[in-house]
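Only one chain is included here, represented as structure tokens and corresponding to the form predicted alone.
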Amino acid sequence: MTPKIELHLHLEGAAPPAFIRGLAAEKKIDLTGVFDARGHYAFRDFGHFLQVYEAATEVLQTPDDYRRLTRAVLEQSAENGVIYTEAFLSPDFCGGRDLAAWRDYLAAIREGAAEVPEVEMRGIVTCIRHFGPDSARQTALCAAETAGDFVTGFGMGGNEAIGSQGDFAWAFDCAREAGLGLTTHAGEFGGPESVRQALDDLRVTRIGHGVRAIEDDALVDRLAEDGIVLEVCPGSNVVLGLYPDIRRHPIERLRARGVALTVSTDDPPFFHTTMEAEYAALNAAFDWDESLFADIARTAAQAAFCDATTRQRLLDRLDA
């Protein structure tokens, strides 16, 4: 199996449905409306997806819940040949942005990660855009106070229709000063202008999704020239309706224009995908071969928010 590196994975969004249902049963929490008749996450559109996502996270109430979650998610990753992953971690869901509570949750997440040694994990602390800039400041402080060998990045997810990227500049400046790598969701529902705002106002080196940059030739050129890396999640984009099918997804056009990009699953059980499925779909749609996938993995290793020793170890494993 081709070794893979995944840079865009939401920890809660990767929770297997059976895991969430089991935890809900233990805690006697009613999750009516979260699953369909087949036991899959059920949502109509992006706004409803966010509601279902947050409803599912309500069963995750203790640090040990997150230890178990991390283990379950990384076991899935290992089954798909992932050797390194960066997961979005939200203090909003882990102790309500209280630093002491966040430290406890983080310790539990690290414990869960250690239980799956086949996958090396790092955390990207992530503020939630629709929770607002003030909450993002608190999240950034949690990130800065726990930055180190495991927490290596800072990012932003959530509803792109709320506010602008620049509203969150303080949080990103705080994270930058703490030495964290920076990424933000843009160019998904926000269009190409949101990518430009992310570059100008937040000065990120990676963009989560970013695919709608294809609608602006000058922006595509800028991404290529500046070496900005896109964390592309094709299956997610198709399920959420950005593109009607994988063949009309712009990932190949962006690659052909010289944009550095990686492949990830985003929230895999929500979008009925895995890393193996993403690779298979890209092979079928664009005839991407093992050599190209190896290049994609090397791009991801170079873009990873990790130390030089870890990066070289990953590159050596990919080359082997």
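Residue numbers run from 1 along the displayed sequence. Note that the structure is predicted; figures quoted are calculated from it, not measured.
The same protein also exists as the form predicted together with ligand ADE; that form is not shown, yet it is the one meant from here on.
is_contact(Glu188, ligand ADE) in the predicted bound form, heavy atom dist at most 4.5 Å: Yes, Glu188 sits close enough to ligand ADE in the predicted bound form that at least one of its heavy atoms falls within 4.5 Å.
Interface membership of Leu50, ligand ADE in the predicted bound form, 4.5 Å heavy atom rule: Contact with ligand ADE, yes.
Any non-hydrogen atom of Phe46 within 4.5 angstroms of ligand ADE in the predicted bound form: Yes, Phe46 is a contact residue.
Ligand ADE contact in the predicted bound form: Glu278, any heavy atom under 4.5 Å: No.
Location of ligand ADE contact in the predicted bound form, chosen stretch of 217-225, 165-173, 151-159, 116-124 [non-hydrogen atom, 4.5 Å]: Only one stretch passes the 4.5 Å heavy-atom test: 151-159.
Residue among Ser194, Ser236, Thr139, Ser77 with a heavy atom within 4.5 Å of ligand ADE in the predicted bound form: Of the candidates Ser194, Ser236, Thr139, Ser77, Ser236 is the one lying within 4.5 Å of ligand ADE in the predicted bound form.
Partner contacts in the predicted bound form for 1-26 (non-hydrogen atom within 4.5 angstroms of ligand ADE): Going through 1-26 in order - heavy atoms within 4.5 Å of ligand ADE in the predicted bound form - there is one hit, His10.
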